[in-house]
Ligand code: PMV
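Single chain ahead, written as structure tokens, the form predicted on its own.
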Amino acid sequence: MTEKDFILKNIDTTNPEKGSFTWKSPSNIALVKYWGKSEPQIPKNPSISFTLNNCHTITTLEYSKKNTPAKEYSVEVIFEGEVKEDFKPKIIKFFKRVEIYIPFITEFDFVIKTENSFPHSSGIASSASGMSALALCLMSIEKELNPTIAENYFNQKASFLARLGSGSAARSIEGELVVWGEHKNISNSSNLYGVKFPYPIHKNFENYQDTILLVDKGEKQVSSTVGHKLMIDHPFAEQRFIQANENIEKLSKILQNGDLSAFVNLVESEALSLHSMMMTSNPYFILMKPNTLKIIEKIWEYRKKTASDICFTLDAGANVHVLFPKREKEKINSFIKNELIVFCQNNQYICDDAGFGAMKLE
């Protein structure tokens, strides 16, 4: 597929006059990270993620035909019951990027009503779930205009559109493991959209658990957009891109053969590599907090003492994702409650697991 395959052509937009669609779309947690991109939202290296289940965005897109034709975008954004004018610039930027592929967006007035099941801008990928939910709503309008769209094309184009709003959103359409970015050993992988991991997954990774420890629920000091740009001329960027490609190949084999020890080592190394890129950019920055490091040390101590397959990963923020097989759920939940939540803001954490992608709501 190329960009041209996603351009909507020769469709009668006189109907529908108005309507609404609602989608629930999950966040995701990358196991192999992408950090660095080129325009338009093309990753410098491939990534692979678990789609989450409980961390999601629910978005309703209401649309009605404009009374008078106008090229300007008409959109109102309501986040968790409040009008959010400061969200509009990002939506307008997104509309500008996708207009060539869904030109009908200039013909409607839109109201976007959206809410998260987790704190906004706190290191859980709210842009991933939010932009993917919006892209799916827009694709539902396209399907109204062209009911012949196949499910595979619908999902590919939704991922393609979501990517133009937030790169990681490309991985939030389907589940439970999604690859985004071209890789020679991942069949049908693409820089344009995410694809489901195409190989059989070992039973060790079925229903994998992810407990998210909310170390800091405030907004990040440095946005991911700014962080990605700092990979331009980064002294270690090229080696990092090579490392990520090699780790995709290694993780692909691990997911198929069930080697949990190798999984733990690779996933934690990836998390620390991501943050090392932040700490060695110019200007440099640190998104981890003291309690992030305390949690990591506690996890290492617990693993050494119990021979558990627990591990951590980090997104671009201070929060810690604690990953573990479902068979260890009872013991690790006790460990988290007894030893880790003390390091969380207001003792808050979210129990999650690998999910199966977005869902349309009636």
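Numbers follow the displayed sequence, beginning with 1. Nothing here was measured: the structure is a model prediction, and the numbers come from that model.
Beyond what is shown, the protein has a form predicted together with the named molecule; the following relates to that form.
Asks: Which residue among T292, S127, Q156, T114 has a heavy atom within 4.5 angstroms of the named molecule in the predicted complex?
Replies: Among T292, S127, Q156, T114, a heavy atom within 4.5 Å of the named molecule in the predicted complex occurs only for S127.
Asks: Sort through H234, K217, H228, K196 and report the residue having a heavy atom within 4.5 Å of the named molecule in the predicted complex.
Replies: In short, H228.
Asks: With the partner absent here, would P43, V179 and H183 each sit within 4.5 Å of the named molecule in the predicted complex, counting heavy atoms only?
Replies: Not a single residue of the candidate spot has a heavy atom within 4.5 Å of the named molecule in the predicted complex.
Asks: With the partner left out of view, is A316 within 4.5 angstroms of the named molecule in the predicted complex by any non-hydrogen atom?
Replies: Close contact exists here: in the predicted complex, A316 approaches the named molecule to within 4.5 Å, heavy atoms only.
Asks: Since only the chain is shown here, I'm wondering whether S224 would be in contact with the named molecule in the predicted complex (any heavy atom pair within 4.5 Å).
Replies: Looking in the predicted complex, residue contacts with the named molecule include S224, since a heavy atom lies within 4.5 Å.
Asks: Does any heavy atom of L274 come within 4.5 Å of a heavy atom of the named molecule in the predicted complex?
Replies: It does: once the named molecule is placed as it appears in the predicted complex, L274 has a heavy atom within 4.5 Å of it.
Asks: Might A30 be said to contact the named molecule in the predicted complex, defining contact as any heavy atom within 4.5 Å?
Replies: Yes, A30 sits close enough to the named molecule in the predicted complex that at least one of its heavy atoms falls within 4.5 Å.
Asks: For the chain shown here without its partner, which stretch in 165-173, 73-81, 258-266, 197-205 has non-hydrogen atoms within 4.5 angstroms of the named molecule in the predicted complex?
Replies: Residues of 165-173 come within 4.5 Å of the partner.
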